[in-house]
Every structure is written in structure tokens, then in C-alpha cells.
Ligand code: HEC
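Next up: a single chain in C-alpha cells, the form predicted alone.
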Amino acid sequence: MSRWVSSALLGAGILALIGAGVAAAPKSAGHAPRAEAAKPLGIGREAKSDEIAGWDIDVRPDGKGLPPGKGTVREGEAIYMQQCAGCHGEFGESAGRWPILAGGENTLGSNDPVKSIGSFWPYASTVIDYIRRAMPFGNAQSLTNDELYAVTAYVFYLNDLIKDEHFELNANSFKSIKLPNERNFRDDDRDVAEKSLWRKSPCMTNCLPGPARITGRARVIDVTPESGKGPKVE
């Protein structure tokens, strides 16, 4: 299975289905599916090419999907301070309970792992894709392409992935950025590795003996432990 899913494919499929107005024939248990003529639903329309393009903004690990544009670390610093630091801290250290962006190197095997971009994230493309799609918080997709490249470059700079503040990030130079934890991510192979555990006829009702019991409550077991008090990693 792939490690990424194209939002364009999902969005285009939804719009095209609504636009075409096709109703699938229902399937009844124990009966062969009936052949029915497609019936217009009377809602929606076919998706236009510019609407599909609006969904098609995902960026793959190999760089495919990157928009045109460019930006330097130094240009990104000003944008970050104005639009990002209020939540993520001036150095990516986090403000309050907002997500941390930098730090946490060599902590993933500890009792208190810090999952920052430099310590945990797999791909540079994941970073720019998320910033492009969802940031700044409350004003998503307001950045121009040049601003997007610049602020992404600054985030990489905070994680020591870029050393030079004059470094220009663009579609070509982007391919040189490699995140330290990439090697620890792999394809989902459960369809092969766990296939021997699958049941041909899985149990659907009354699968466990006895009535259901409540074994713990979130308030009691504290599912969100305080920093430094997480469970030990064996």
C-alpha cells in the first residue's frame, strides 16, 4: 500500500460521482445483484478542471506536486515570526500546548519521546504539504507559493536541516532535504505480514465469552500524561 493518498483523486471522485448522478444497485444478502439502469440523482454536476486542480495540491516524497515558487530561510523568518511563532514558539519549541516543531533529537527511544519535524517526521514533502494545506491556523491556504517555500525553509532551518540562512528553497533544491527519521518509516505490509492471522469467516456477534466490562476510565488512567511522566519504553 502507498504511504500517501492523493486528495485530488478523492475529491475528484466525490464530485464526479455526484455530478454524474449514478445510483449503484443495492445488494441483498443471499441474492444476486440486480442490473439497474443508472438513475440521475438530480443533484450536483460534473467537476470542472479548475475545481479538480484545487484538490490536487498533494506533494509526494519524490517532489512531484510541488508548486512553482521560491523562498529563502531569511525571508521565511519574518513570515514565521508574524504568523507561526504565536503557536509554535520563536524557535519551534512550542507555545503552551501547541505542537512542537524543532528539537527532540535522539529522544524516540526514551521514556519521553519528542516528536518534532527533525526527530520524527519522515519526509520533507510531508512538511510543505501540511503547511500548504492547513497553515497558518485559522487562515489556511492564505500563503503565496513564495511565502510557502520561505516559511518551510525556515522550519527546516530550525531543525538544522538547512544551515545557510540564504539558502533558497524551490522545487529543485527541495529534493536535497532529507529528514533524519525517514529510514524508520516503511510501507504498510499488513496484507502480507499478517495475512496468516486473518480469518476466512470472521466472528461478527458474541465473539467473546461473558458480558462486556469496563476495565478503565480515561479520567482515572490519565491518557494524556504530563511531560516527563509518560510510560516507560521497553
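For every residue, the number given is its place in the sequence shown, counted from 1. Just so you know, these numbers come straight off a predicted model, no measurement behind them.
Quick note: we don't show the form predicted in complex with this ligand, though the next part is all about it.
Contact annotation: S119 falls outside 4.5 Å of this ligand in the predicted complex, judged by heavy atom distances. A residue is said to contact a partner when one of its heavy atoms sits within 4.5 Å of a partner heavy atom; W98 meets this definition for this ligand in the predicted complex. By the criterion of a heavy atom within 4.5 Å, F91 is excluded from the residues contacting this ligand in the predicted complex. Residue contact check for L161: none of its heavy atoms lie within 4.5 Å of this ligand in the predicted complex. In the predicted complex, no residue of the candidate spot (P61, L66 and A124) has a heavy atom lying within 4.5 Å of this ligand. Taking this ligand as positioned in the predicted complex, the residues of 52-90 that bring a heavy atom within 4.5 Å of it are, in sequence order, Q83, C84, C87, H88.
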